[in-house]
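Presented below, as structure tokens, is a lone chain in the form predicted alone.
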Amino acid sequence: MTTAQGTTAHPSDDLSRSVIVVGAGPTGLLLAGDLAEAGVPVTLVEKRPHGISNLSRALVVHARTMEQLDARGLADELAETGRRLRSFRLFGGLSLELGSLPTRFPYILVVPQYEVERLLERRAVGAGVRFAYGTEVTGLVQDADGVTVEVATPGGGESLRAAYVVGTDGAHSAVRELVGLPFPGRSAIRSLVLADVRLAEETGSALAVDAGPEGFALVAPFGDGYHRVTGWRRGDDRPDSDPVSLDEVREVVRSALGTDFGMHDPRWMSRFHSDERQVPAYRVGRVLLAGDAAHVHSPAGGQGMNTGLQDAANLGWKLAAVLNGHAGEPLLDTYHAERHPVGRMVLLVSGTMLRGALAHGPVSRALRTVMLATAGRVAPAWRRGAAMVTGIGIRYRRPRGAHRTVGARVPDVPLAGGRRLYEALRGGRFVLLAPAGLAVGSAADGRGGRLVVERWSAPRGTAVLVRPDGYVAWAAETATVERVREALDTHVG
């Protein structure tokens, strides 16, 4: 097996604590990096040869994903490589503003996927992840103690063994197929064209998207002189293998936007189809699925890569807690319980957006325009919609009797001493936000690197325990040291 360093990689001898992650896309890279930083031995298996792909594929990073990257010290660097869009135009000329979103990242970042992969791979290598490139999974058997994975390499077949396996290997996941999980759903749209091109004319909008009777198109700037073009033309149903010409892309864009902006010098063109599918279970024993291996949906809203990265952020700290002996295996069941509904919601939202774009008849298109215009004028409706698409409005189900904030995302609040919450979360730790007068030192003793205690920057009486993924694990309006100790024993271990 070839690693990034060109040596032979095998899972750690400590098989009872090791994980094999299959698929070195953004989801797998973030997950593997999180596990390795937590001291878990990780092997990342990828059937492609080593080298970040130069295909841009995903191009949007939303606010919640930027917050997760901020908790890993990567967000500001990534933001410098892309273009920040604080507004964008939807169908019918409606302009939507993101600048008022309650986050440090009130924008959409347009950036090629390979830039995200580059940062995540660098972090994973630095954390000690063992990479196995040119290695394809061909078999998988799990038992009470672990999982055996059969792989094919340029040098022949091998067997790998680990305590858990996570499939992050995309829509055609070998891991999903080998554990026998169905992937129910349907094809949402066929023969979309994608291209990265230069433009001779300005688009007149930060992100241009519109639709007409014959199809739709989207044009978004990368910030490096190239623009991503995505489009679809009604009745043009071709297989993904059919080549794409620049003339075809021009025609698709002209039919939807009225001009092709003088596009030229394509660096990449492709054709693809979009499915809407989701597995019924994100966990089967010691095998888990994340990202496109668990759910695929329409490209509308740019939520694909973002949802996968947030899957990884949810799963990583839970797997580490179980393997490091700080939590029982039932904690892993909360991964499905929390993330499966999110995947279902993304399917619904992106599907609704896609069907709006595909509205055909004059009545349907007029209704779409009215609905969008109404949503744009009604601030609460727009804020809710924007919060869900960008991820900052997602919250997990609160257990009965828990504080009302449990399961909610915690914004990047300022802390005493000038730090920020998402800086304190770095390293995959829980953060206890304690009132100034509450002496919690004894309750926090023995938690090691799993917990950091911080104080609010302004007087507050609420104590809040923030999970490593930035959601509330526990909170109390009037906390005592005893209640804090009980919460830490329950959630931190």
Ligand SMILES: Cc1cc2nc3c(=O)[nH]c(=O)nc-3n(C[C@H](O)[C@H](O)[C@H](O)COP(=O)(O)OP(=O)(O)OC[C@H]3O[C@@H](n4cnc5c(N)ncnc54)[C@H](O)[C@@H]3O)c2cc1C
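Small disclaimer: the values here were computed from a predicted structure and weren't measured. For every residue, the number given is its place in the sequence shown, counted from 1.
We do not show the form predicted together with the ligand, though everything after this point is about it.
- With the partner left out here, the ligand still marks one of 329-337, 419-427, 387-395, 130-138 in the predicted bound form; by a 4.5 Å heavy atom cut-off that stretch is 130-138.
- In the predicted bound form, at least one heavy atom of R48 sits within 4.5 Å of a heavy atom of the ligand.
- Within this chain, V22 lines the site of the ligand in the predicted bound form, having a heavy atom no more than 4.5 Å away.
- Taking non-hydrogen atoms only, N306 approaches the ligand to within 4.5 angstroms in the predicted bound form.
- For the chain shown alone, V464 is not a contact residue for the ligand in the predicted bound form, no non-hydrogen atom being within 4.5 angstroms.
- For the candidate set G170, P106, G407, G351, a heavy atom within 4.5 Å of the ligand in the predicted bound form is found for exactly one residue, namely G170.
- Proximity to the ligand in the predicted bound form, taken as a non-hydrogen atom within 4.5 angstroms, holds for one residue of S191, T81, Q113, T153, which is Q113.
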